[in-house]
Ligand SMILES: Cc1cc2nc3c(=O)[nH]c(=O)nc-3n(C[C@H](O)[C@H](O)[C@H](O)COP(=O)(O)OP(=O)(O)OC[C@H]3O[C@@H](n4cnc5c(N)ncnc54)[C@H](O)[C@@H]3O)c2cc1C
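Below sits a lone chain in structure tokens, taken as the form predicted on its own.
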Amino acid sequence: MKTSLYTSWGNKKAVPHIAITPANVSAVSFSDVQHSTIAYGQGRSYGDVCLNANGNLFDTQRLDRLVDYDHRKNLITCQSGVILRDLLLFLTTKNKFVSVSPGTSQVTVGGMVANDVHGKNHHKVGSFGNHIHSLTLLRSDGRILECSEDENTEYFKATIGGLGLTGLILTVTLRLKNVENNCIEIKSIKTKDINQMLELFEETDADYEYTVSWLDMYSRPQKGIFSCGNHASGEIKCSSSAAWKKTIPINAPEWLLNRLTNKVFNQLYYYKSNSRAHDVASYQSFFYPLDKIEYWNRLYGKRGFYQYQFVVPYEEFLSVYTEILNIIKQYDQPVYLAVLKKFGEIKSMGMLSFPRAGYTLAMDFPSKGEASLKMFKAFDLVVMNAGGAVYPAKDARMSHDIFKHSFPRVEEFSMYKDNLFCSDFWRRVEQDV
């Protein structure tokens, strides 16, 4: 046990924590825990749900074992610190894949449960939590709870999307999907505006499992690239792009990313990209394009960045999107990356799960201090008025009121929260929860 500096992916501030790194599951103990604690996996949450400033952290890096694999039942059990990248390296040799994947493979299975992550196929299969067969949860009183839809059901629903606050997740058993190879067949279409983009989401719903769109927020109207894909069939082979992975070794100078350089990059990316009716790529290239650049968050410099991700009902999206654009213009803030996805009608398991029917837009902004925070508050009002929600895994500033409005089951959830587990995020939003 030692005091170490930990940060989240937004890279705004490294804060000291008393780090507890158990060698294995049997070594997990609360005897050394002072004050509150929270689990820390890879630190890929953009905000502060994985941080507990000047308190304790359970660093799960050594809880990295595969426990059981059942080929016939399509189930795999692993410890919570297993990294998705490593899990997939095993699964793809067995022609299996996870049912839902987020946009990076550098996350732990425990983190995926705690944030009930979503992927490009929510409209088809729902969120990650919809494919958890069971999990084991260690409470601070020493109890180990076996949780599933049939056993300790309320703890199961509280832990999925529960931001690590119900206890320490020890193991997770996942339902897998069958695939024939490691390739994704992709169709890419350049879009002229947001209306065409939304039409493509609707048109491809039935035929494609994965859909996503990149937006150039600098162009008027906003151009983009819509991509849809399915797992390829047959004995196709495609190579991973891992061989040319790059690393950002230090925080970039503040002047490197600016409005001009980003505008030029967006224009070049759009015009150099081709509309393709058919293409084949590795799953790494399709799902995890930013994983090619290790520590890409350092490009934002020492001040770090914010991501603002929201979801609103389908019928509200266009009006909300227009208002968001006006607010960005009013505050003169640059958007460095914007990604749009569609959530389907499948309800999430978790009491605090973010995914729900509608369109979800994620936007990256460099940290501009108070100006950024004021802009996000303006976003909040628009999203809340439309009956939407803001994503905790990407948040570093939402208020108690916004959290409670986004997640109306929070009072029910608090009945299953472990009193020893807390985070900077929860400390900020809990108040009278």
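Everything numeric in this text was worked out from a predicted model, so none of it was measured. Residues carry their position along the shown sequence, with the first being 1.
Below, we refer to the form predicted in complex with the ligand, which is not included among the displayed structures.
For the candidate set S80, S353, N121, T191, a heavy atom within 4.5 Å of the ligand in the predicted bound form is found for exactly one residue, namely S80. Note on contacts: among P102, G304, G344, P334, the single residue with a heavy atom within 4.5 Å of the ligand in the predicted bound form is P102.
Looking at the ligand in the predicted bound form, residues V311, A378 and S406 place no heavy atom within 4.5 Å of it. Note that among 183-191, 162-170, 147-155, 227-235, the stretch whose heavy atoms approach the ligand to within 4.5 Å in the predicted bound form is 162-170. Looking at Q42, you'd find a heavy atom of it within 4.5 angstroms of the ligand in the predicted bound form. Under a 4.5 angstroms non-hydrogen atom cutoff, the ligand in the predicted bound form lacks V280 among its neighbouring residues. Proximity of N56 to the ligand in the predicted bound form falls outside the 4.5 Å heavy atom cutoff. Looking at Y391, you'd find a heavy atom of it within 4.5 angstroms of the ligand in the predicted bound form. For the partner-free chain shown, Y46, V49, C50, T60 of 46-67 come within 4.5 angstroms of the ligand in the predicted bound form, judged by any non-hydrogen atom.
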